[in-house]
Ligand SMILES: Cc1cc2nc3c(=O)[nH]c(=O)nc-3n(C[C@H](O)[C@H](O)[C@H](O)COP(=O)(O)OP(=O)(O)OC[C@H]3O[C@@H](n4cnc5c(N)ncnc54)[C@H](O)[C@@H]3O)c2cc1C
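First comes one chain, alone, set out as structure tokens in the form predicted alone.
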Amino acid sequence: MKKLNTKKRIVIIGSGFGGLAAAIRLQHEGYNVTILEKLDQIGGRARVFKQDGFVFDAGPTVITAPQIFKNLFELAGKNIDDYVKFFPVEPYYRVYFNDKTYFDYSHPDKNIPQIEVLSPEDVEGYKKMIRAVKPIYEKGFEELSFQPFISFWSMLKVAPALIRLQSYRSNYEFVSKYIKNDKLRMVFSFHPLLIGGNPFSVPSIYSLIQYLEKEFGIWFAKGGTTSLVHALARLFHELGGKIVVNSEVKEILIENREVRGVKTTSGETISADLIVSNIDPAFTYTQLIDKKWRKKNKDKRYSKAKYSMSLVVIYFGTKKQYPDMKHHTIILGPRYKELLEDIFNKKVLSEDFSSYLHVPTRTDPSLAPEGHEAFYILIPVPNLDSKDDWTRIATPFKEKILKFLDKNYLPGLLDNIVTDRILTPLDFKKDYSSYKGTGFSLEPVFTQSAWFRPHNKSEDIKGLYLVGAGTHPGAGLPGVVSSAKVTTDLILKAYDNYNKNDNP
């Protein structure tokens, strides 16, 4: 029988996927959980824009490993199918090269015939690569994703396995070991960009994403990702949890290095025994905690850290449909390594770009008025270290991108747009409390992974915990939901309520 913790009050700051998943787990365990969300709707980066009859998911649109969501519902004795429906997406991605040729990336059984045409000498190498990523997936996702790294010893214990799996290689180097064709090297190495990492910098352990997709496919939720957000919120409410929107936390209240609650920008003080922050760790430590409670090197650590790129996202709806476009489309520009160098290291906004085009109405036509089409295009750009003035360049940048699509992929687009909007790095900073306006918090390089990443349990403040993209294991829907498992296990263990048989 579970021990109820009805006297333990927990405030979760932010209602992204990590915050919602942590809230469900903790509320299920008998804690009294309240989520505070600064925006007027839940979801964080996964909020929704409804405009002129169109439904635009603001952020995450690629759902892998749907079982991690199913587990949350099963934990509460519920069936996820009663809350949200998932549809498979095929191909997983269409990847356009700069010469307009393309590769329909999908399950290996469908990739191999295309490799035989494009680069037959790479078929055996690809098969070897898929075999090589299996143990990386088993170690990296099934084991390490759910293991808390709160001591350096915990990192040392897994170091031999990481070395054995060649995690010292970059993701691009790992792919290049097996694949020789330059186009195919791009196709099989771009995945770290989905979690904010440069394929030429992040360790090869992130090649596990390929195996994750092989095993579980790519999915989309009926009604958009926002329907998954609201399914989780409904479950949380049914468990007795509380969500308050338009409630921005200004300060985490601390006495004697122990949390006491939070103060909101409206002046309200909310008492809490424990705090779980689902916002950027850098913002949490440097903006929400009084300097006297922070370790002296904290501000320097976060100012000197390596951060993910930011994003520009342009949402638009058309009165014309484009049935040849796939649900998930990657459009690669003329440069690959050089463009990523500009974005991540030089912090330069280049003339050329690569992008991800999302066409959700290919799978769910209900997201647009009848006969219409909904899109968003996401372009990786430098974070705010670049000093670009997005108040000045946002509109010209949007026009440039839409003209590019009109000319190359969506003929007649400019004459058929009926609604649009844009999100820039400034919006990521303002709306999501994102340090430097990043899209994915800290970049997942080796020196910022596992123990080196901000810990799920604060080493500075008793009762403060972190969840989401900026803590272990990292960004992406599987990552942030896994972080909720890691964080809540730490809480349950600390307060004598740990159930080792809990579903991951």
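Each residue number is its position in the shown sequence, starting from 1. What you see is a predicted model; the values in this text were computed from it and never measured.
Here the subject shifts to the form predicted in complex with the named molecule, a form of this protein not shown in this document.
Engineer: Check whether K38 has any heavy atom within 4.5 Å of a heavy atom of the named molecule in the predicted bound form, and answer yes or no.
Structural biologist: K38: contacts the named molecule in the predicted bound form.
Engineer: Quick check on F188: any heavy atom within 4.5 Å of the named molecule in the predicted bound form?
Structural biologist: Although the named molecule is absent here, F188 would stay clear of it in the predicted bound form, with no heavy atoms inside 4.5 Å.
Engineer: Would you check, heavy atoms only and a 4.5 Å threshold, whether Y376 touches the named molecule in the predicted bound form?
Structural biologist: Looking in the predicted bound form, residue contacts with the named molecule include Y376, since a heavy atom lies within 4.5 Å.
Engineer: Report whether the minimum heavy atom distance between S15 and the named molecule in the predicted bound form is within 4.5 Å.
Structural biologist: Yes, S15 sits close enough to the named molecule in the predicted bound form that at least one of its heavy atoms falls within 4.5 Å.
Engineer: So if I measure heavy atom distances to the named molecule in the predicted bound form, which of the stretches 383 to 391, 362 to 370, 278 to 286, 234 to 242 falls within 4.5 Å?
Structural biologist: This holds for exactly one stretch, 278 to 286.
Engineer: Is the named molecule in the predicted bound form near all of R45, P60 and V249, within 4.5 Å of a heavy atom of each?
Structural biologist: Yes, the whole candidate spot contacts the named molecule.
Engineer: Give me the residue from S433, N71, S119, T424 that has a heavy atom within 4.5 Å of the named molecule in the predicted bound form.
Structural biologist: Answer to the contact question: S433.
Engineer: Pick from P478, P473, P454, G437: which has a non-hydrogen atom within 4.5 Å of the named molecule in the predicted bound form?
Structural biologist: None of the others qualify; the residue that does is P478.
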